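Only one chain comes next, encoded as structure tokens, the form predicted alone.
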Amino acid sequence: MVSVVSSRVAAPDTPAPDPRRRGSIARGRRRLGIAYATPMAVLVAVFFVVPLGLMLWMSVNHWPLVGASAPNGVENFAALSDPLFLRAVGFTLKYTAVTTVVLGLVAFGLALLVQHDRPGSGFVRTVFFLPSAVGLASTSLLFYGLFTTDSSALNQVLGFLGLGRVDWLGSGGSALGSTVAMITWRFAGFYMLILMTGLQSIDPELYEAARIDGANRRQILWRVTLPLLRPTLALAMVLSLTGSLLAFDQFFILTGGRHDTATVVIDIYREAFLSQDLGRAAAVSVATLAVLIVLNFAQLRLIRREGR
């Protein structure tokens, strides 16, 4: 009788790494990490932390554009009760609400249109995204020509249709509508890409299951697409709200703040360079920053809660 005994070959014992060698490797990695992070930390310190500290210091000082500064406590924050500032806050909130709704709906419609990979869909996405490559100041100058000159293509089309010339920037309402249209043209492609990414991340099997259960397109949109797209919508809303609350270029170039179209940032500009009071401008900036921090913190919490 032959017995077969299976035997395992024991692996040779690997020597434990030398503690001093392990410590040397860890220190080397730590120094390498510090070397990688240092340039960015310096940039953040120079271009964000130092200006932020200077702004906080200026907000509690009488700081004329030309001349010596002197501490004055919270006196500069009286600018927050100025009628011109309150009017600017009201207009900024109205502009933010209108822009967020219009831009969100247009971008969502474009994202639904181009979310699937079909022949030519890449070209269409590129065409929709192209306006985002143009700077906002350049876009504002381009539309200023379209809105204010009789020989512009826009007014010529209206003349051809027999509608006559329209004063696009002649009143607060028309200036607001014209600016929202320009911003929608400029940013719709950018937000389309964000929303399209969210749409493409939804599992197609969920749509198939909903169709098998007899759901129509409207029910699929409300019961499947929008709930699963909520984190992406929240991210788009954070970007849209922040950009709208800090609106400056478009109204500074198109209207210069006329017809009660001055935003909060234009009011800060006026305090700093027309009234030549950097302290009051810094106080308004601090209040605006605090509002943005609270707003973005609340929306980021919403994104994290929905992502769980």
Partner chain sequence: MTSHARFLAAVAGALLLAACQSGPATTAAGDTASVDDGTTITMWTRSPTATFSQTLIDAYNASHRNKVKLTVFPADSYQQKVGTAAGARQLPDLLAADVVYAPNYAAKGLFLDVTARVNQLPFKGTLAAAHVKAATFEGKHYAVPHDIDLSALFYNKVLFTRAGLDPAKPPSTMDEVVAAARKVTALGGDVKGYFFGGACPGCQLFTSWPMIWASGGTVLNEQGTAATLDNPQAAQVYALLRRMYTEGLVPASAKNESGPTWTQSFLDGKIGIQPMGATALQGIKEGPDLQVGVAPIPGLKGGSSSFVGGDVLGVGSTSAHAAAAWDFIAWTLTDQAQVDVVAKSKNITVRADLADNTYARQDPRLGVFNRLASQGRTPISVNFGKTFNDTTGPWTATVLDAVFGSGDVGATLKQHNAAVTESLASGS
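Positions refer to the first chain, counted from 1. Only a predicted model underlies this, so the values are computations on that prediction, with no experimental measurement involved.
Same protein, other form: the form predicted in complex with its partner chain, not shown, and the subject of what follows.
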- 23 to 31, 40 to 48, 237 to 245, 271 to 279: which one contacts its partner chain in the model of the complex at 4.5 Å, heavy atom to heavy atom? 271 to 279
- Residue (of Gly214, Pro83, Gly162, Pro119) lying close to its partner chain in the model of the complex, criterion heavy atoms within 4.5 Å: Pro83
- Task: Counting non-hydrogen atoms within 4.5 angstroms of its partner chain in the model of the complex, say which of Leu169, Ala111, Ala79, Met182 makes the cut.
- Result: Leu169
- Query: Would its partner chain in the model of the complex be within 4.5 angstroms of a non-hydrogen atom of every residue among Gly67, Gly256 and His259?
  - Reply: yes
- Query: Do Val60 and its partner chain come within 4.5 Å of each other in the model of the complex, heavy atoms counted?
  - Reply: no
- Query: Can any non-hydrogen atom of Phe190 be found within 4.5 angstroms of its partner chain in the model of the complex?
  - Reply: no
- Query: So in the model of the complex, does Ile266 come within 4.5 Å of its partner chain, heavy atom to heavy atom?
  - Reply: yes
- Look up in the model of the complex whether Phe129 has a non-hydrogen atom within 4.5 angstroms of its partner chain, and give yes or no. no
